[in-house]
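This document starts with one chain, in the form predicted on its own, laid out as C-alpha cells.
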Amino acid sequence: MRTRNETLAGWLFVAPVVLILGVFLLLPIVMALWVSLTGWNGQGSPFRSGVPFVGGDNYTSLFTEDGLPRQDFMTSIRNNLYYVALVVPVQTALALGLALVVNQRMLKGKSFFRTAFYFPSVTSSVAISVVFLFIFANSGAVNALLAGVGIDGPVWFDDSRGLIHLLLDTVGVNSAPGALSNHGVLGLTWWDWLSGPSVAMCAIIALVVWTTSGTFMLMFLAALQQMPQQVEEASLIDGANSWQRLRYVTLPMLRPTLFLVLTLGLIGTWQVFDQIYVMSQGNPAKTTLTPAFLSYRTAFKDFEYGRGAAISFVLFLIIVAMTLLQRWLLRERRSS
C-alpha cells in the first residue's frame, strides 16, 4: 500500500511537467509528422478532410525522384557536410586550447581572459552576423588586410565556386573532368560533391567558430578543474612531458566532456539557421543552403509544408544517426 501511494505521489508531482511536455513538445512533433505525409499548402487546418494524403511521396522526392527538390536537398546536405567537417573539429580544438590556457596556475588575469573568450557566445548571433557582413564585404576589413599583403580578396558572398575548385583553378584545372562531370549520385555530379565549401560558407564558418568556442571552453575548463591533481603530479614524477601528459592523462580523463562537446557541436552545426538567414539566404548559387534553412524556405516561402516537414524529419534522423556513430567511436574500449 505504501509503495502504491509513493508511486501515485510521484506521478502527481511530475504530472504538470509531463503535461506541458506532451502538449508543447510531443504533440507538435506528432502533428508535424502527419503534415510530412500530406500535401498541405498552409490553407486552413492540415487535419481537415480536404487535405491530400501523399504518404511517403514527400520523402521519396528528396532521394529517388529527379527534379529540383532532390537537387536542392542534396546540395544542402553537401554544404552542411563541409560545414560540419570544418566547424566541429576546429571549434572543439580551439575550445580545448583556450581551456588549457586559462587553466594555467601561473596565468595572470584569468578572469579577464575567461570573460573575453566567452563574451562572443552570449552576444546576439543576429547582431554578430550583421557585423560579419560588413567585415567580409568587398571593401571590408578582411579584404583590406589581404590587400595590405598583396592578395586580392575574394568576392565573399558572390563567388559560388568551392574552395577545392578554386585551388584547382590556380593550377590550371578550371573545368570539370569528364569522369566527374558525367557521373554522380543522388542528383549531383561528383564534381559538385567535391567542390568544397564556398568562400561565403567559410565566412559563416569563421563566425560560428568564434561565437561557439567560448561556451565549449567553459565545459572543458570545468572538467579540467575537477581532475585530481595527484594524477598530474604522478605523471610529472614519471618524467612525462607536456605533450605526453595531454595525450595520455588529460584527454582520456576528458572523454565524457569531449563526447558532450562533440555531440552539442554536431547537433548545432546540423541545425544552423540564423546565420544563413541573416548573411546569405542560401546564396550565392545555393552554396550556403542548409537543410534547416531549406526546410524553412520550402514550407514558409514555397508553401509546400509537407515537404518542408519531411526535410526536418530527415534532418532529425541524420542528427540521431551521427550522434550514435559518435558515441560508438568515443566509447571506452576495454582491453582483453
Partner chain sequence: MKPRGLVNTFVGYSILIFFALVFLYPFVIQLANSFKTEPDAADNPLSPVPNPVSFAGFERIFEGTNFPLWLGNSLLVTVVLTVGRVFFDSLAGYALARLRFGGRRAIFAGVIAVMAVPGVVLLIPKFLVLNQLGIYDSYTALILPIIVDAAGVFIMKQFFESVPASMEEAARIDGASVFRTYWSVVLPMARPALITLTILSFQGSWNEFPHTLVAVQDPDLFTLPRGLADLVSGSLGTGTQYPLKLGAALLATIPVAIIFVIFQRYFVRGATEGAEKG
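Remember, predicted model here, so these are calculated numbers, not experimental data. Numbering follows the first chain given and starts at 1.
Unshown form predicted in complex with its partner chain; subsequent notes refer to it.
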(message) Is Val14 near its partner chain? Define near as a heavy atom within 4.5 Å, in the predicted bound form.
(response) yes
(message) Is it the case that Val149, even though its partner is missing from this view, gets within 4.5 Å of its partner chain in the predicted bound form, heavy atoms only?
(response) no
(message) I'd like to know whether Arg247 contacts its partner chain in the predicted bound form, with contact meaning heavy atoms within 4.5 angstroms.
(response) no
(request) Decide whether Thr64 counts as a contact residue for its partner chain in the predicted bound form under a heavy atom distance cut-off of 4.5 Å. (result) no
(message) Give me the residue from Ala234, Ala222, Val185, Val173 that has a heavy atom within 4.5 Å of its partner chain in the predicted bound form.
(response) Ala222
(request) Using heavy atoms only and a 4.5 Å cut-off, determine which of Val126, Leu180, Met253, Leu166 is in contact with its partner chain in the predicted bound form. (result) Val126
(request) Within 4.5 Å of its partner chain in the predicted bound form, counting heavy atoms only, one of 187 to 195, 105 to 113, 81 to 89, 67 to 75 shows up; tell me which. (result) 105 to 113
(request) For the stretch 137 to 159, return the residues whose heavy atoms include at least one within 4.5 Å of its partner chain in the predicted bound form, in the order they occur. (result) Ala137, Ser139, Gly140, Ala141, Ala144, Leu145
